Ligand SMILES: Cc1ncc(COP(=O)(O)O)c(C=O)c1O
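The chain below stands alone and is given as structure tokens, in the form predicted alone.
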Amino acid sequence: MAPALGPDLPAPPPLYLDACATTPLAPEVWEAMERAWRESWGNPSSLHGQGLAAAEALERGRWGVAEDLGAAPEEVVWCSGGTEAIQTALLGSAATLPPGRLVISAVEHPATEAAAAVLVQRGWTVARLPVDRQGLLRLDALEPLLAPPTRLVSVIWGQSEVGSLQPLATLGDLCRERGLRLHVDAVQVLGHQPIDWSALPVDLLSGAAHKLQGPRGIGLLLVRRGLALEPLIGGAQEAGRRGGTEPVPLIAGFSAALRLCQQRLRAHGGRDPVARVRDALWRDLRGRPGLELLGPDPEDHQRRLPHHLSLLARGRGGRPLPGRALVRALARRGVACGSGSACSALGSGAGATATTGASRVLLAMGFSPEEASAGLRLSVGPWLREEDLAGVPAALAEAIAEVDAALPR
């Protein structure tokens, strides 16, 4: 069962399996934030005692996150979340470069797609690198896309819908050889595997606290030293790279959450221990009639997020069952999970086609529109144990039967 999270915070449902959408605050995070609200409530730009206390807490959070990620403190830029970090990386970089071509993958987060659309309006062109049936980059198609006029590349490291982990080292080396600026959306990866920024062949990296039991409303962008970047929000804060009074308590929460993740990773040889929970669930589900795995094999630790499982459910006659209907049916049985990107608005947002509600990610992977509307995502976190999930297979079987029976023949 999940722990109590604070005096006014309810615990998540006993079977909260939607970690890729957001996560409950860890108790230690709540405590760090409460302490910051109490002791560091001043404006960190002020020169009196309250301001100096806030400034000290702000920089303590920055140094802590930098240490955990192998970065220098001055390379950490605080943002409001993953979306702002991604768009600052792309729009802020493009503003310092002559118009050219942006290369992204065909399975990007809606935040990246939105930034790409803005760049098109500013005279850039956009090319999408195709993926295979598992959502992995087609490296055989990469070489011509890295030729001029490409100036900027952005890739989602861990795909939130299907769990694929892209070959970042290979891509980064190719970009370095050609002098191309590379941004990586690490929102789903941060906290789930060790990251050594000093060794990554990457120029910009974005992350968000609420994916790792931290608070919503705070994200980060790592910016390689010496790299020019125009701010989206002007101001003197964050070395002129992001204006606005910094939210010190949220930063304290981010730092505490990341530190917890790092401790778990170190204690388990660099592998996220929640993978055991995910693997146990997959052992109970694999081979069941009507269920098809989406994305790489969970046993392939190099190519799949450790906390992620995605499925396509079929009813009688092999008909794909709508993922959102399954999510609602599972919720009625006490299981909270997801379908598609949490940042797509009910099937008509940037992550889904407007007419069918089909996932753009699954369409890019070669699935039919009907199949691309049938994705189901189960993502776990450290608040769960293997025994907590014993009832999920039966609940899923009931949900499949309910949704299948309700569909017209």
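Numbers for residues come from their place in the sequence shown, where the first is 1. The shown structure was predicted, so the numbers you read here are calculated from the model rather than taken from an experiment.
Only in words, not in the display: the form predicted in complex with this ligand, which the text now covers.
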(request) Could you check which residue among G295, G191, G82, G323 gets a heavy atom within 4.5 Å of this ligand in the predicted complex? (result) G82
(request) Scan R314, R242, R303, H210 and let me know which has any heavy atom within 4.5 Å of this ligand in the predicted complex. (result) H210
(message) Counting heavy atoms only and using a 4.5 Å cut-off, do A36, L58 and L250 all touch this ligand in the predicted complex?
(response) no
(request) Can you check 271 to 279, 202 to 210, 324 to 332, 139 to 147 and let me know which stretch has heavy atoms within 4.5 Å of this ligand in the predicted complex? (result) 202 to 210
(request) Tell me, yes or no, whether S339 is in contact with this ligand in the predicted complex, where a contact means a heavy atom of each within 4.5 Å. (result) no
(message) Even though the partner isn't displayed, in the predicted complex is L102 close enough to this ligand, meaning a heavy atom within 4.5 Å?
(response) no
(request) Evaluate H307 for contact with this ligand in the predicted complex, applying a 4.5 angstroms cut-off between non-hydrogen atoms, and reply yes or no. (result) no
(request) Find out whether any non-hydrogen atom of A89 is located within 4.5 angstroms of this ligand in the predicted complex, and reply yes or no. (result) no
(message) Only counting heavy atoms and a 4.5 Å limit, does any residue of 101 to 140 reach this ligand in the predicted complex, and if so which ones?
(response) H109
